[in-house]
Every structure is written in C-alpha cells, then in structure tokens.
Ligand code: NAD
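Just the one chain here, the form predicted alone, laid out as structure tokens.
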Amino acid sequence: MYIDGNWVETGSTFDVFNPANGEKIGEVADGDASDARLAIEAASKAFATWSTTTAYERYEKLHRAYELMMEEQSSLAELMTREQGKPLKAAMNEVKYAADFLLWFAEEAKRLYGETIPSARSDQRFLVMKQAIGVVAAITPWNYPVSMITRKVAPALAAGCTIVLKPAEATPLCAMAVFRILERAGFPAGVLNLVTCDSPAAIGEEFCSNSVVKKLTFTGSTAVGQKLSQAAAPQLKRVSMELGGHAPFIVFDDADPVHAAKGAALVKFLNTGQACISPNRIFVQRSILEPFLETLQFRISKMKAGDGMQEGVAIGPLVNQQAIDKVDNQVRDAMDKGASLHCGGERLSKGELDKGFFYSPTLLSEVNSRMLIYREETFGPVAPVIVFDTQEEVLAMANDTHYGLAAYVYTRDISRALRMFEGLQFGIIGINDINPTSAAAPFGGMKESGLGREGAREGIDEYLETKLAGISI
C-alpha cells in the first residue's frame, strides 16, 4: 500500500490472477479499516498544505504525471492485459484515455474562476470563490483499472484535495503502477494514498463513517453504490456515483443497417461487454431487421476469443466464474422464453481457453420484455436484438428501465435525432456515434445510474465548495 509517501506492507497478502489462464501474477498487501484510517489521517495532514498550493503548482505535477504515463504506456497496457484480460490494443487505448484525464485536469486547475455578483445595496459587494472540499475517498472498478483511477484522482488533485483510493480487489497491480507514476511526478507525502484489500466492505464502511472524509466517489454496481450512499448519508457527506447501465442501441429504418450493425458490434463487445456504457438492448426497426442481423452475425462470428496478449484477439475473458454464470443464465432464460440464437451461447473451454473465464460472443433475436436480459445489465458478450415499429414505441421501451447512463441512436433524420436526444432519459447519448466519451466531456447518468459527473469542467466541480463573501464597504 502507499500511505503518507511510503510503500508499506501488512502481515497478510492476497493473490492476483490472470483471468485468461488462472495463473498467479502477483500478491499485494491485504489492508483493513485501520490501514484506511492511517491513510485518511495522512491525507488530512497533507490537505492543509496541498490545498494552499497555487493552481500552477498543481498543474505542473499533473502534467508531469501525464508525461510519465505516456512514457509507460506499453508497460502499463501489458500489465492491464495480464491482470484484467482485455486485448492489448484496447489496453493501450485505455492508458491513453487515462493520461488524457491527467492532462485535462492539469489545465482545469488553472480555470477555477470565481465571480462577483451585483448587490442591491450600494455599500455591498458579493464575491464567490471555489475551494477544495477536503479529503476524498475513492473506490474504483476492475473493468477499466487505470482510466477510472485518473478520472477521479486527477480532478481531486487539481481542485486541491487529497485522496485515499481503494482499487478493485481484482486489479490492484494496475493501481499500484499508476501510483508509482504519480509518486515519480513529485506529489508530496500524504496527498495520494492507496489501500489495497481483498474484502472491501470494512474499508468502504470506514470511508463512509470517518468524518475526516468529506467526499466519497465510487464507480461500480448500482447495488453497492446505493449502500455506500446510505452509509454516507448521516454525515451528509458529498458523494458522486457512477453506477450501472442498461444502454439501448436504437437503429431507425432511415439509417444504413450495415453501418449501424458494424457500430453495434464494436461497442457491444468492447471490453468483452464489460462496460457500463455497453449496449444491452439493441432495438431495430422492422423493415431493416434482416440486413442488420446478417451483418451483425457475420461480424460477431469472426471475433476471436483468447489471451489478450495474442494477435487478433477481440474477446478477452470475463472477470470470474460468477460473471460466466450470470451471462449464461440470461442466455438460457432468453432461449427458454422464445429467443432465437444466431451464434455463440456457450462457455468456451477448448484448448488454451479451458483455464480462463471465456464466453462465446453471442447474438440473440426475438428478445422481449419477459426475459431477464431485457431487464438486467448483462456485463458480457451478448447482443440481444429487439424489433420495433414506431418512434414512440421504441422511446417508451428504451426508457423502461431504472438505469439511465448511456444510449445510442442511428438515424439520418436530424429532427428525429434531436427528438430522441431530448426524449431519452439517459445522461450520455451517442447519435451515429459509438464513442461519445472524452476527458473533455461530462460523463454520468440519470436515475439509478448515478449522481454527479466525471470529466469536463463538471468533473472538477464535484471536488469544490462554493464560498460566498458579502462585504460591506
């Protein structure tokens, strides 16, 4: 663990495994609530000094971290592929995305503007300024084990906050590698702290109950996010939550079905479907269903599963056996209730795949609302296709979920595109675009997909308090 500027060990450790082959690739310190308290104390002590540094000093440190991360892009990506499982090309892209947050928020540190407000009194002036909220506790997921760290750490540091991070227990080695880069960038002791653990409940409880922590930021499942929000509520602790998704992918009949199917294949199977913005329900207007399905099946059937270090691999492993079971249960349930299986639909266990958590890329059609896959987030390589007839019908079906993170629309009609953008109850809408994300753009959801935004200028606002001065002159 990294606490108060030092790498420290505990009496116990836990092992880290490669999900592609089950091989042990390392062991890390197994921290507990007492370690979290030490880290919080270190962050609290460092806050007094770090919060008073100039924006330009914070810029220099973050910009240096960006440069170092880009220098380490290849080694970080290789580690990510071994620890998380995604293909190496995707891991390289993630490291660049992660570095972009360091660069973006380095610049945003210099944009923390205040304002003056006119008063009704001639002898009064109002001044507004932004100040760092304090010690931040962060919990990050395994599916994007580098970029989800910088998306939280960079704005917190840019704002003048100090931070304690608990990474996912499946991917602590990536977190350690990121913190070694941040250490080399020259951040003072206590500004950044890392607590690794195999059983996160106790540390999450400490983050929520410790009054020194002024802000909790979490990316993960909706169920866990709800529990953390409830635990933080008695102190009215500031929280931001980036939670689950159930993204609709809507293809209207004025769109090119081949082009739309290519886009659906790319974004649905990104990170083997283990992404919160991954399409979970693919709605296709009836008149173009056949050419869409034909193209999608062709592209899915060509996807090669295997170790992400191998050339040509597009489908990596799922995170664990529970993920395999959930995906397979959804597929079996859909088929039992009348869905048609076009390809896939089984665990892959032949040859070198037998020791990993691989599921075949799968295409289902004739999916309906009685099926689990229609309601539940899949987080796996399954594309369920649902037919629709009218715009009003598909808008109602798309919004019929308690999630509200991402949605996708393919149409050539600008009026329809704008009506769907306004009508869809989701925080991120890709219109003829499968990658509507960037460090410069706000990321976050509506309904039970979260609270707050990450990235963009909104991302740094999450770590700031607004302070007003009323001055009589």
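These numbers come from a predicted model, not from an experiment. Start at 1 and count along the sequence shown; that's the residue number.
One more form of this protein exists, namely the form predicted in complex with this ligand; it is left out here, but the text below deals with it.
This ligand in the predicted complex: contacting segment from 213 to 221, 286 to 294, 83 to 91, 308 to 316, heavy atom within 4.5 Å: Going by heavy atoms within 4.5 Å, the stretch is 213 to 221.
Residue (of Thr196, Gln330, Asn143, Ser365) lying close to this ligand in the predicted complex, criterion heavy atoms within 4.5 Å: Result of the distance check: Asn143.
Lys262, Lys227, Arg347, Lys130 - the one with a heavy atom within 4.5 Å of this ligand in the predicted complex: Contact residue from the list: Lys227.
4.5 Å heavy atom contact, Gly134 and this ligand in the predicted complex: Gly134: no contact with this ligand in the predicted complex.
Ala77 within 4.5 Å of this ligand in the predicted complex, heavy atoms: No, Ala77 stays farther than 4.5 Å from this ligand in the predicted complex.
In the predicted complex, Glu377 touching this ligand (heavy atom, 4.5 Å): Yes - in the predicted complex, heavy atoms of Glu377 and this ligand come within 4.5 Å of each other.
Cys276 within 4.5 Å of this ligand in the predicted complex, heavy atoms: Cys276: yes, in contact with this ligand in the predicted complex.
Residues of 235 to 265 having any heavy atom within 4.5 Å of this ligand in the predicted complex, listed in sequence order: Counting only heavy atoms within 4.5 Å of this ligand in the predicted complex, the contacting residues of 235 to 265 are Glu242, Leu243, Gly244, Gly245.
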